[in-house]
Structures are given as structure tokens and as C-alpha cells.
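Here we start with a single chain on its own, the form predicted alone, put down as C-alpha cells.
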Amino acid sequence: MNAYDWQQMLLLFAALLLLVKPLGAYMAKVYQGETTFAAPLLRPCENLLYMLGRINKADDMDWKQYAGALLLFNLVCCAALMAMLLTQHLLPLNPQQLPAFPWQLALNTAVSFVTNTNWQNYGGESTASYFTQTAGMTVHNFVSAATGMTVAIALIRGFVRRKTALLGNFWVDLVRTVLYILLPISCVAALFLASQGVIQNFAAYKTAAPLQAGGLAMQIPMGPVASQEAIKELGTNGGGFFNANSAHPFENPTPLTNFAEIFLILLIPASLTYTFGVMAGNTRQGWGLFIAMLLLLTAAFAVLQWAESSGNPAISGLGVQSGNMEGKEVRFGLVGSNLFAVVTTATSCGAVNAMHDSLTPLGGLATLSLILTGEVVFGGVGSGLYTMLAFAVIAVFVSGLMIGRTPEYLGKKIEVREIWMSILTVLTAGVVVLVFSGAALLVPSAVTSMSNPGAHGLSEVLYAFASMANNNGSAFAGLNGNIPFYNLLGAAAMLIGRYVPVVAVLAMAGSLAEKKYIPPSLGTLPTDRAPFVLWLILVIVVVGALTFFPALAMGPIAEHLLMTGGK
């Protein structure tokens, strides 16, 4: 790493640290219904939406009502997007006359965008019209991100409220999330990206004449990219307008836009930790979670950077001393590519500026491990925080067993119900990954979709289901996912991986809200200090290792041993 690389990293984390507190405090005010600087402009819009939706913002919901409203809203959104994909050829803003999606691909895509996964078994520029990209996918980028954030806020209220069954109003939380948080930041980000060269238009595709006689003309895709790119990163959605995603120069043209996109991916997940601290009445709690996430992210980046810098020994043996630049954009370099890869897999974003299938085995292991741990290293907007809090509940419970005391977290006694819900939150995606990956190795059509045999092929399959079940959306590009097996089983993986933890978290929030507050005593484990942060990290690593080490040993670890052995 040279001086520029170090400056890039230090500037990124400095900017993040600078904005975590003000943005986190602002979001806490939004969710607590307090007046913010944006209220004079946005409150009339908010009240208009309540009037049109016949929503009484004073009506609170218990966890079952909250979950019911959330699931109903997501079901309607999924059905609407699928209908749009199936009738795309009849809808406007389709200058290329693109046909409708096949029904299996439409189902997979609709589920993908409504679950904040944005797994894409299609190439955007050759498959989706402008209407589909904007009125369909961009809109879902907002509402799916907002859904995850509302669940995190409901869980925080569960810790904060006492002797009540009420967690807030889902519709109010949804409206405020989109109107006060996602939309303003996205508008600013889209204008910045457009100023740097990210395209934004509704023009028909351009045709470039060949440079020499007898050459082939090239079709250059157009589209409203900047508006989708902003919320794609901010909402940790990850679905690219183009098939190459953020490796495409129209989505990510310069090192400056690359830096901005990495920053946008981290911004809300990091700031929500401070929101948690503010709403819990102890900002040290939020900083503790932030530090745990940052340490895990730094460790993963160190492994990935070392692996990619070391390159392939077979190439080094030929006298070529270079890092592994296969599948990476020269304009971003190793650090810009590796930093993006770590951040996007840690945050459940799934956007990519390099092809993860071309990473070294241990480089692929670093990104895959971040996904398999439930993406709690900042994680998706909302989902990262509530999954990390589920891990914190487990960590408190285990420590209580070790010292022989009843475990408590934020003044709430942790009992059987909370542990069961935490286990469902933490382990559901892992079970789906292992079972569905096993099925993919037995079904002939799934096996023929693997472009690489052996250990790397296993890594492709494992990565695919890890990405879908954990709602990430990135992929090892060597796997052909657009077949009935992956479209249908992948949709099931995304639905289970999203909504089982969501319902479990809301059930846990409801249970916590009904409990009385227990003041800390000499026997209470302090959860806002360094020892607990380290203990929490250890619990996350141990759970991940116990669940996935055998699969990882047969995939990327075996491939690394083959590579170092000259095979």
C-alpha cells in the first residue's frame, strides 16, 4: 500500500466518524417524533401521506400488528413489481422495446428487490426498461431499505419501553424513514454522482460507428442511472443499473465516485449504532457496537488486502511480481477494489466494482465470511443493527451462564423467549445456506450451471446461497443463476432469510417491551465497556466458525491449498 492508499482509507473512516454522531442523533429525533431542521419543509408532505393513507400517527401497534402491517406491505410491493416485470413490454419508457421477464425470473427479481437483496439473474441494460428500473426497482430500493430500518427501531423501542405491548406505528416509521432520511440524502448523492459523470437520461441507446473499416458498430446503453445509483448504495440495496454494476464507468466513473459510493454504503448502518445509543439513553452502548463492527471490518480488509496483494504464486514463479488485478478496474486499483469488496459484503449491499469470482481463494474467503456471519459488520440498513443486537443478547446470556447470574441487557432480563428469537435471527440464514447448497450439489441442472469444477465450484454455490439467504446480492460471477432451480429456490432463500428474522426480532421486541426495567447492580455485566465488545466479537466469530467451517474448508481453504501447491 502506498501513501495514496493510506490517505484514502484514513479519509474514509475519518469522514464516517465525523458523520456518525450528527446523522445518528438526527435519525433518533426523526423516529422519536421530535422537530428537526427538515420538519418545516417535509412535515406538510408527511401529513399529506397520512391523510391519503388514512393513517393516525398516534395509533401504536403491538408486535403482531406491526409485523402484520410490514408483511402485508411487502407482499403488495412484491406483487406489484412482479406484475410490472411481466407486463414490461406494454409499459412506457421502453425505447429499446425490451420484452417481458419470464415468470420465474420475474418472481426471483421481485422477491430480490422487496427483500433488499437485489440478486440479479439478468443484465439490466439488456433486460429491464427505464420504467422498470425507475418506477419498479428504484422505488423498491427505498421501501425495502426503510423496512429494515423500521424493524431495528421497533427493537430499540422494545429495549427502551417498559410494561407495554406497543412498539410504535409501522406506517409512520416507514413514511418518516423514506421522507426524512433516505430521500434527502439520495437526492444530494445523485446530484453529486451526476456531476462526476454518472449518466442520468431517458434517451434511446446510442450506436457508435466502428473505428476501422469492417469493424462492428457498438451499442452504448443509456438511462437514469445516477438516481438509482444513489439509493442503491445508501440503502445497501446493491442492484446495478448495468450488468457490470459499479465496475461500469457509467455507474462509477472515477476514484472519487468510488470513494463516495463506499462511504454511502457505510453511512446509515454506522450511524444507526449511535441512534441506538441515543434512544437507549446511553450513547456508550452505541459506540460499543460501532467499535465491534469496525474491528471486524478492519480485520476482514486486512486479510483481503494481504491475499490480493500476494497474488498467485504460480504467476510470481514466472517472474511477474504483481498483486492479483484479475477482474478489477485499473482506475480503482487494489485498495479501491478491496475496500469496496469488504464494505459491500459486510453491509449486505451487494454492489460490486470488481468480479469476486476472480479473487484469490483467501480473498474470496474474507468476503464470503462477512456474508455468512449474518452481515452484522455494519450490515444492511436496519438489518445489521438488529442482527448485531441479537448477537449481543446471546453474548449476555452466555456470559450470565458462565458467572451464574440472570443475564440482563439494557435493564431488561433476558429469558427463554428472547434467546429463542435471537437464535432464529442469527441462525436461520445459515441453515438455509447449508441445506440449499447441499441440494444444489445434487440436482443435475444446478451442477451444470457451475462453470468451475472442484473447490471453486463449491465456493460459487456456497457464495450464491449465502448472498441470497443473507440478502446481500453479490455473486461469484462464474455461476449461471438464471435457471428454474436457482430462480425458484433462490426466491425461497431470500424470503426465509429476510422475514423469519424480521418476525423473530419483532416478537423479541414485543416481549422486551412488556418487561419492567431492572436497575444495574454489582452483579450486572457492563455492556458498554471494552471487555464486552471483545466478548461480542468472540461470540460472532465462534458462531460463524462452528456453523460454516466444514463448508469453507472444502471450498476456499481447499482451493488455497491447491493454489499454493501449484495446482
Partner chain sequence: MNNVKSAVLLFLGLTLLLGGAYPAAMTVAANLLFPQKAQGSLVVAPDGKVIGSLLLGQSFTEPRFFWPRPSATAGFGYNPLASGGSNFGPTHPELLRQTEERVRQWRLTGATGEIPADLVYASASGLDPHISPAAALLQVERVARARNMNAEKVHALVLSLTEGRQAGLFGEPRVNVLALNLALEQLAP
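All values derive from a computational prediction rather than experimental measurement. Positions refer to the first chain, counted from 1.
Note that the form predicted together with the partner chain isn't included here; everything after this is about it.
Student: Among M279, L296, A307, V335, which has any heavy atom within 4.5 Å of the partner chain in the model of the complex?
Tutor: By the 4.5 Å heavy-atom cutoff, the listed residue in contact is V335.
Student: Which residue, L267, A247, L434, I419, is the contact with the partner chain in the model of the complex, using a 4.5 Å heavy atom cutoff?
Tutor: Selected residue: A247.
Student: Which one of these stretches, 122-130, 425-433, 267-275, 365-373, sits within 4.5 Å of the partner chain in the model of the complex when only heavy atoms are counted?
Tutor: Selected stretch: 122-130.
Student: In the model of the complex, do V343, L488 and L536 all put a heavy atom within 4.5 Å of the partner chain?
Tutor: Result no, not one residue of the spot touches the partner chain.
Student: Flag L52 as yes or no: does it have a non-hydrogen atom within 4.5 angstroms of any non-hydrogen atom of the partner chain in the model of the complex?
Tutor: Looking in the model of the complex, residue contacts with the partner chain include L52, since a heavy atom lies within 4.5 Å.
Student: Determine whether any heavy atom of H140 comes within 4.5 Å of a heavy atom of the partner chain in the model of the complex, and answer yes or no.
Tutor: Contact check for H140: yes, within 4.5 Å of the partner chain in the model of the complex.
Student: Flag S399 as yes or no: does it have a non-hydrogen atom within 4.5 angstroms of any non-hydrogen atom of the partner chain in the model of the complex?
Tutor: Close contact is absent here: in the model of the complex, S399 is far from the partner chain, nothing within 4.5 Å, heavy atoms only.
Student: Would T448 count as touching the partner chain in the model of the complex under a 4.5 Å heavy atom rule?
Tutor: Contact check for T448: no, nothing within 4.5 Å of the partner chain in the model of the complex.
Student: Go through 542-565 residue by residue and record those having a heavy atom within 4.5 Å of the partner chain in the model of the complex; state none if no residue qualifies.
Tutor: In sequence order, E559, M563 come within 4.5 Å of the partner.
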